[in-house]
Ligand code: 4AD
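Consider the single chain below, provided in structure tokens and representing the form predicted alone.
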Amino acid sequence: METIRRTRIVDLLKRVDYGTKVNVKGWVRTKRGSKAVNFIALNDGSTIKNVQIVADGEKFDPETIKQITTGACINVNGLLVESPGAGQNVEIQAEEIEIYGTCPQDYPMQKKGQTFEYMRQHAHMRLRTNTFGAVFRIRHNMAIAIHKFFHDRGFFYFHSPIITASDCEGAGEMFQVTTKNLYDLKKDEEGRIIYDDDFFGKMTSLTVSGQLEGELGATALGQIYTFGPTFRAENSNTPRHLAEFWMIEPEVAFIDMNDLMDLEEEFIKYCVQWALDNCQDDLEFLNKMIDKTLIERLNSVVSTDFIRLPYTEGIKILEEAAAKGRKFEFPIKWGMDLASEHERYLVEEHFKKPVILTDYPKEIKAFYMKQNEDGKTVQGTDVLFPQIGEIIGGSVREESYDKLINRINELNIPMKDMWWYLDTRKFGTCPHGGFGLGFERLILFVTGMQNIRDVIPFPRTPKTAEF
């Protein structure tokens, strides 16, 4: 074959220099036609759109054409011509076709409507479908938007450790990291495992959050953000939970609760606007195939002011709704954490716009949140979104050494591995706060997908660690 510089399909579809020789490479989505002429829809992953390859029957050996099936990988030289067909401006009149890889009939992503459950079982191949191509191009764009948002506002990207000896959430649902021989564990007289001979000389785990280390960064650099993988050994088989997921956690010195809520709202609107501006083709595809109200919902989030609602008022609204006959699966009263159905009622039915819920009871929130003067509530801020429920959890942090120590003692949190965290309150403490956004929850919202396992390439869930 003649060597011509390859053009990505996303770029080729914008060209108007008809009659030019071009080269494209990619995977066959479909092939239709007859002995006289074949039409091949080719995709290389750079765009949701395919380019049509027109292969004249007289130019090509029927055996070659026969091998071009759904999923096959081919290399095509041909002329760029104006397309008479609807839906595309250009197509390629093929002059040479080289088959890089054939694709037999047992290819799991044949051109037919597979369920998402089926595709999860073939997650290594589902990336080649239109839906997952769209989702992961949007995922990339959201990562770019996040870095740009923080960089443009003077934040520093801060890498928190993945292996840690501290449990930020205090829930104990952590994956242990060890080099010990699990078949021959050394134990003390009381049956506890001795870690002296382990790699780090102590019990260590995969991180559940970069927040505590992020606070160290904020009290030195002013404002930082982390963006990396986190791990929860939570036995949750739900459409909203993963064992391995990505978190964005900004932490800011000298911030109060109003400024924190402003940052949360500005950040999430920026990300959604970025998707609308930069992922139009993929969003239109998902709007058509997955969720007919997707683009309308994204536009409404960008154009509306979020409601700021104290927890106590939120509970009152939910109790009144229940009294008027609104059925909830889980009962709700002051002091209880909201279930997803409660969060979604406030957002989707009562206010019909995103809600930032504030001032939670201290009993249901983490030890590091700043207490209000009432002694009962803390300065937590959860952003609740339509279809998702909680998408951001944040708070002003308790900067007083004495108050933090008292709270830690109240909750019996083991502090032997947390001395370094307390040093931020001992040496030049300052008011500070931040939030955490589960990246996959953001992707769920922006794509309209219904299951969090479908917005990360290789989902890790209980009993599932394939690929």
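Predicted model only: the values in this text are computed from it and were never measured. Start at 1 and count along the sequence shown; that's the residue number.
Not pictured, yet referred to below: the form predicted in complex with the named molecule.
Residue heavy atoms within 4.5 Å of the named molecule in the predicted complex occur in exactly one stretch of 112 to 120, 227 to 235, 301 to 309, 91 to 99, and that stretch is 227 to 235. Contact with the named molecule in the predicted complex, defined as a heavy atom within 4.5 Å, holds for exactly one of 245, 274, 155, 267, namely 245. Taking non-hydrogen atoms only, residue 160 never approaches the named molecule to within 4.5 angstroms in the predicted complex. Residue contact with the named molecule in the predicted complex: residue 425 places no heavy atom within 4.5 Å of it. Contact annotation: residue 209 falls within 4.5 Å of the named molecule in the predicted complex, judged by heavy atom distances.
Taking the partner from the other structure, the named molecule in the predicted complex has a heavy atom within 4.5 Å of a heavy atom of residue 394.
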